[in-house]
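Let's start with one chain on its own, the form predicted alone, as structure tokens.
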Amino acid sequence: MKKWTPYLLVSPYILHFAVFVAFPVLFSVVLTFHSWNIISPMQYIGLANYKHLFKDRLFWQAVWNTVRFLLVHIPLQLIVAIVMAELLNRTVRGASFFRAAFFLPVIVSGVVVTILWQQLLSFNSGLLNRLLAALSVPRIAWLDDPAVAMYSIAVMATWKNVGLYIILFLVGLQSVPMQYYEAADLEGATNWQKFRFITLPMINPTIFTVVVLSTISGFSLFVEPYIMTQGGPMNTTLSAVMYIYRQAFQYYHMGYSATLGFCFALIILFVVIIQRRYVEQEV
């Protein structure tokens, strides 16, 4: 009986992995070679879904929209998180309050935050445009201008998620030995030199973690454009995940949706590998 005890102890995890991870992944791979609308039986169509994918301009536009979002979201999130963590790492009055305040948006429902920002960025009644009007500055179509909408969403997503990364950077900063800074002070190093040559190299693992988490989170962009713009204007805020969702649950192209998801997962994997090569190294 004792020799079976380890297998009994790990069996719940194995069962969970088999049912909720392994089977869905394998089924999705099989589904990429079929046409299926949930109701009728699956029909084998070979590589037709993959051929259609490479000709689907809207999908590649959605991927590019997501990349544009990441190009603003990741650098902005890194800079804000590092700066705020550096400030909170110092002995300041009410530091605990500010840590909790910065983390609060992370635990608030994404739908609630998105609706809040949708009202804030409204063209006619939004607070930002009211302030601009009070200053005699023309109103800005934050969510209706194709050139601005995705960047507005990126700023909102940064505001919601940056609290988590502030905490991660704060933990990284507190793990840096103080002896390094004391030695640098003896050598007459400036604050920038200490930050550049001590802080950044020591928190490089945290930087890599934040970049990867931000990338995966950014590629999963869905709630914000779905609620705020519905993918508009002119599909400029249509994210890849949102397009996959439409194919699956609006058009019931389950096979093609699985193909899009499989391709998108490979794109994310490729980006993370590139980041690992160029980010996870000495600064």
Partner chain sequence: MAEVILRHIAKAYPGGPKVIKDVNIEVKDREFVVLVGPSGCGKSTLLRMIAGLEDITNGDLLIGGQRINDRAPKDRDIAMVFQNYALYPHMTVYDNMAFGLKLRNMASDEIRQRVTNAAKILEIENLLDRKPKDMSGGQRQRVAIGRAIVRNPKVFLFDEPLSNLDAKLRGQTRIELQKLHRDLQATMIYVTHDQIEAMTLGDRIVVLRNGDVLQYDTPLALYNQPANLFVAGFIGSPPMNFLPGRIVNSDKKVSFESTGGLVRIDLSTSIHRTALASYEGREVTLGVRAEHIREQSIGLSRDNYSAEMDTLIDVVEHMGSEILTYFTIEERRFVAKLHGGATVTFDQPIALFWEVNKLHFFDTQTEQAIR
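All values derive from a computational prediction rather than experimental measurement. Numbering follows the first chain given and starts at 1.
Another form, the form predicted together with the partner chain, is not on view; read the next lines as being about it.
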- prompt: Among Phe103, Phe123, Trp159, Phe197, which has any heavy atom within 4.5 Å of the partner chain in the predicted bound form?
  reply: Phe197
query: Tell me, which of Val83, Ile140, Val171, Met202 has a heavy atom within 4.5 angstroms of the partner chain in the predicted bound form?
result: Met202
message: Can you tell me if Asn89 lies within 4.5 angstroms of the partner chain in the predicted bound form, counting non-hydrogen atoms only?
response: no
- prompt: Is Leu186 close enough to the partner chain in the predicted bound form to count, meaning some heavy atom within 4.5 Å?
  reply: yes
message: Whether Thr209 contacts the partner chain in the predicted bound form should be assessed with a 4.5 Å heavy atom distance threshold; does it?
response: no
query: Is Phe98 one of the residues lying within 4.5 Å of the partner chain in the predicted bound form, judged by heavy atom distances?
result: no
query: Among 107 to 115, 159 to 167, 143 to 151, 177 to 185, which stretch has residues whose heavy atoms lie within 4.5 Å of the partner chain in the predicted bound form?
result: 177 to 185
